[in-house]
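First comes one chain, alone, set out as structure tokens in the form predicted on its own.
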Amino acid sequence: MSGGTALRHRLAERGLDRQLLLLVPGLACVLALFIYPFAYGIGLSFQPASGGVLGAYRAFFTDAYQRDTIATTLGLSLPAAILNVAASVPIAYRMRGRFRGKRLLTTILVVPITLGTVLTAEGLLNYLGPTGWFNRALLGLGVIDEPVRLTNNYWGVFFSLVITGFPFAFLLILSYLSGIDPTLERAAATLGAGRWQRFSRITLPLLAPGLATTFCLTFVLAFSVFPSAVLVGDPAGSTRVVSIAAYHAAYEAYDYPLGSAIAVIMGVVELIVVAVVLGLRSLFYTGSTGGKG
């Protein structure tokens, strides 16, 4: 037996074969593009110019202007994620069956994915801005005396997060719903259960893991908001989110340890919210038969 064959046999005994070598390029990319920058950023956050090892973190939490960005970001991302998930459930539930125009309606609902944040922001400015169609129509009808401010503030960013986040939530929930056996609801209907009873006692508990996962992904997407907060928000005031604080610290003040510390804080806050949501998920009964969650 040759040395190469013997080596393959020894690797096979340990559960390793040549097919696993296909993972090497992917793992190398993950290490080079994610693990190393992540570890480097964490290490850099503990190397401030002054204040000791935790000086950058202390500088962030002792500065109210910096610290309040956490509450501002949560105030945008949590309601946006909740609304996207809540709006997706009834629409996806109705679209499980077959009906004429289903493909067209699905395409319309997911079109915002193709628009991008910048184009979405431009559309909001043109439609909801002080001189946009919405305000012009209300002024023309005499409903208002002066334009309603719906951009360059909290609402502009919120609308942008809803528009860009809804398609992801809708597609995820639709996939989870498609994994729930429809015969369960039909069996409950034959026993006299109404539509709401079938949804609340069968579909919703089985969908709970998928809802939690969808909420987490939608929340993380919204929590990292940056372009919307600048383009249709008030980046120096009401929509100064954590990502803007990190950008200013690193690329305007050139305080890279503080910028890295803020990025680490962002990740910790996201992990806390995700952990809480996944912990609450266990309170719902999912049963032995369910969707893909």
Partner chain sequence: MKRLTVGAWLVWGAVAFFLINLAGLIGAVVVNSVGQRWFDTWLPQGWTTHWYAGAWEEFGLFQVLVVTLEVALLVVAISVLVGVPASYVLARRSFPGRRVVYLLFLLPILMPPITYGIPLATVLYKYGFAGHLAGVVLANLVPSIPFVILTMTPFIEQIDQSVERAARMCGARTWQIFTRILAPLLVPGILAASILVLVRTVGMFELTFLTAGPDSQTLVVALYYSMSAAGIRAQQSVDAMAVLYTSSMLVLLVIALRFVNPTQLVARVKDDPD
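Between two forms, the rigid core is defined as the largest C-alpha subset superposing within 1.5 Å. Residue numbers count along the first chain shown, from 1. Quick caveat, the model's predicted, so the values are computed rather than measured.
The form predicted in complex with its partner chain is left out here; the points below concern that form.
Taking non-hydrogen atoms only, M95 approaches its partner chain to within 4.5 angstroms in the predicted bound form.
Within this chain, Y36 lines the site of its partner chain in the predicted bound form, having a heavy atom no more than 4.5 Å away. Its partner chain is not drawn, but in the predicted bound form it has a heavy atom within 4.5 Å of C29. When contacts are judged by a 4.5 Å heavy atom cut-off, T62 does not count as touching its partner chain in the predicted bound form. The single contact residue among L74, L184, I91, A193, judged by any heavy atom lying within 4.5 Å of its partner chain in the predicted bound form, is I91. Applying a 4.5 Å heavy atom cutoff to its partner chain in the predicted bound form picks out P37, F38, Y40, G41, L44 from 37-72, in order along the sequence. With the core superposed, G192 shows a C-alpha displacement below 2 Å between the shown form and the other one. Superposition on the rigid core between the shown form and the other one places the CA atom of L139 2 Å or more away from its counterpart.
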